[in-house]
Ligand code: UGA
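Presented as structure tokens, the chain that follows is alone, the form predicted on its own.
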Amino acid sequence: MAPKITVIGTGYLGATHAAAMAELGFEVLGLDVVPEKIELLSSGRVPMYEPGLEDLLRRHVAGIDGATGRLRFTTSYEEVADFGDVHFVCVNTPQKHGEYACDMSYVDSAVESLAPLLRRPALVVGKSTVPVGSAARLAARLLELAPAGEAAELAWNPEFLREGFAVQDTLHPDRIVVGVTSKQAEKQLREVYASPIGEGSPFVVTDFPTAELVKTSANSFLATKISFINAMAEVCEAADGDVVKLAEAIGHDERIGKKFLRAGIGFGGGCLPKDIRAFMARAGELGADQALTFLREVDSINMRRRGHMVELAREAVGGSFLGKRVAVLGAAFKPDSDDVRDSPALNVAGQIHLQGAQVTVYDPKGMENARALFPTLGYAPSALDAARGAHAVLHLTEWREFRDLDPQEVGAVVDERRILDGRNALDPQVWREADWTYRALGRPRI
């Protein structure tokens, strides 16, 4: 008999995981402590933009016409404990205010709330990104609190979702990592992931610390690669080189690869920045801080790119933003997402606004979230409306819609044809042939 699955926390990770587990054929119960979120999900809607997620949700939520009914939502831990055999913990682990360290309060609260209600065998599976050592501590707490005793086990199964591809990454993962302490836990997780394993997804079995470290080390490597090419962009600008051609050349080396070598204004979002900072903080607690000192420079390079983009824009409009109109194309931290957490695009827009410019932002999906975070910026209903009367246009999130813009059409509405490509995703020749002054990070002026 297939295990019944619960998902605790229905944010970006949890909502996707719950819908995907239902798609794989399991009976699923999702829990959140925010009633409004449960009401929204129960009606087949999602509180964020993620391609394909709402369609997947509506295919399975109970009470929706034509749905399988395999997916329900609740605010009751008692209901979750009675229902589930495998409980996935998918709550947020944000950066602590004023510190680099990770805030574990949501994970701790989930375990503290669930454990005393576990009266029969159950597997509690952490998916949240946590500091190494957390799983061992939580396993001890679970054993202490659960009436089922040793029959209530803990496992750690880190997530590797890319925003914009989360549904695909859950249903067809490039690897499944499980940290377990028993063969029974491994067997249960093999059963849960039988479908992707059958398709060929590697199933990697580790201990707790390794499973926890896999996610933070993977994110640290990606962040390092992005900051490396951005550091090369700084050198290219000093030497009048072209970082795009440099990245193309070194990317042909299979040891390096082409991915994550596009220089620009750097990474943001709710994962990479806070994860590498939490990793540094935890290494310090373990006495291994010297091993990760390079991540401080990775973080520094990344943040420096935003300031450099502001400098280029100021230079482009004549040395001062006072009285200037600047169009910003992009608010989300990456395309195919409405996530504006630590968005480089919004950070740049905010800095330029504070320095005196009239800034107008447009993003295909992130407008509502951007407006809530930066209410003093101007917002437009389209790219053309944002560009109207602008002295400079900044391309800061690489949506396809922006790559497909007609330079002549945009040129007809701006005050001056200046474009700064903060993502090195536009074709310089096309824009220059349309009489635009094109500038990009790490590329020659002409």
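When you see a residue number, it is the position in the sequence shown, counting from 1. Here the structure is a predicted model, which is why all the values come from computation and not from measurement.
Beyond what is shown, the protein has a form predicted in complex with the named molecule; the following relates to that form.
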Fill in the blank from the handout: Partner contact check in the predicted bound form: of 137-145, 291-299, 365-373, 260-268, the stretch with a heavy atom within 4.5 Å of the named molecule is 260-268
Exercise for the section: Considering only heavy atoms, tell me if residue 160 and the named molecule come within 4.5 Å of each other in the predicted bound form. Expected result: yes
Exercise for the section: Answer for residue 132 alone: is it within 4.5 Å of the named molecule in the predicted bound form, judged on heavy atom distances? Expected result: no
Exercise for the section: Although the named molecule is absent from this view, report whether residue 275 comes within 4.5 Å of it in the predicted bound form, heavy atoms only. Expected result: yes
Practice task
Would you please decide whether residue 334 lies within 4.5 angstroms of the named molecule in the predicted bound form, comparing each non-hydrogen atom pair?
Solution key: yes
Exercise for the section: Report whether all of 87, 104 and 282 sit within 4.5 Å of the named molecule in the predicted bound form, measuring from non-hydrogen atoms. Expected result: no
Problem - Residue among 117, 222, 80, 185 with a heavy atom within 4.5 Å of the named molecule in the predicted bound form - result: 222
Exercise for the section: Counting non-hydrogen atoms within 4.5 angstroms of the named molecule in the predicted bound form, say which of 308, 72, 325, 215 makes the cut. Expected result: 215
Exercise for the section: Would you give me the residues of 417-446 that have any heavy atom within 4.5 Å of the named molecule in the predicted bound form, in order from first to last? Expected result: 423
